[in-house]
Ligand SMILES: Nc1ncnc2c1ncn2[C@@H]1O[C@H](COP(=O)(O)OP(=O)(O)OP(=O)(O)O)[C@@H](O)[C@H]1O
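Given next, in structure tokens, is a single chain: the form predicted alone.
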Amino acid sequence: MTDCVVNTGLSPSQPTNEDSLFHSRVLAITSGKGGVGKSNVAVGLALSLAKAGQRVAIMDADFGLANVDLLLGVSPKHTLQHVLRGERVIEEIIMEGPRGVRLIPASSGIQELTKLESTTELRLIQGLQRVAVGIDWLLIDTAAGIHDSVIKILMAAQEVILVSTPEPTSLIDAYAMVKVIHLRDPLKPVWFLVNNAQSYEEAEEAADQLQAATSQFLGRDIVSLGVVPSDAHVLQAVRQQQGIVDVFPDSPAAKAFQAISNMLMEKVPLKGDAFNAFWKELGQV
């Protein structure tokens, strides 16, 4: 594991050019329940986007079970907890993972982003705005479930990727998540991704079931982002603390991540103020 820290090229007090922030897409990756492989999806998409030449950062916002650092094979000495305490600036905690993917690491048990004091929130926002100068995508790995803190992050993000397995209990929780999002913002774009499917037929059936429920009871469509098939290489990559896209690039799961990242690059619009809007909305919802 590496403890390499990113040099953003900016000093903590250096002002940023607002125009230079007009490049980031902000996606929140979430799930209705835990254990569906959400963090693996976040890492797989981040590495696939980076492989395609995109500049990517992952923010680990799962403060109950922060593990993106392990999946990327980096070992942070400092986390968001140190930034929130004023002990470090954000440039000092960012780690550089494979393919230049930047990680903003969290640690379990730290204060939720949506419950920060105003001075602490300002310190974090200003730091992340400086970081945003050099990225095309900010992927936020949220906690699982419909907790208020998770929903606030989803509402603030530009778009949401909802991860589920084909299991009935996972689909029920996925529907509950869509319902909560819909009641808050009927126009919020939500992608549905089926993970760990035994077959494409199983994944298609799961997507059809969720679509039927959301259409009948909520009057909205859910757009399928695709499927990541069940693949033994995923567990092998986790054990090696490497991304499957890098260590097993020809595996079914890696190819799926590459296809999904291509779809995201094609379908997710580039909004000039997406990053700034994220923090503005987070403070209001």
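One-based numbering along the sequence shown. Here the structure is a predicted model, which is why all the values come from computation and not from measurement.
Keep in mind that the form predicted together with this ligand is missing from the display, and what follows is about it.
Partner contacts here mean any heavy atom within 4.5 Å of this ligand in the predicted complex, and among 188 to 196, 175 to 183, 85 to 93, 146 to 154 they occur only in 188 to 196. Remark: none of the three candidate residues (A46, G134 and I140) comes within 4.5 Å of this ligand in the predicted complex, counting heavy atoms only.
The closest heavy atom approach of P249 to this ligand in the predicted complex falls outside 4.5 Å. Taking the partner from the other structure, this ligand in the predicted complex has no heavy atom within 4.5 Å of any heavy atom of M59. For the chain shown alone, V245 is not a contact residue for this ligand in the predicted complex, no non-hydrogen atom being within 4.5 angstroms. In the predicted complex, V223 stays away from this ligand, with no heavy atom inside 4.5 Å. If you take 214 to 253 and check each residue for a heavy atom within 4.5 Å of this ligand in the predicted complex, you get V228, P229, S230, D231, V234, L235, V238, in sequence order.
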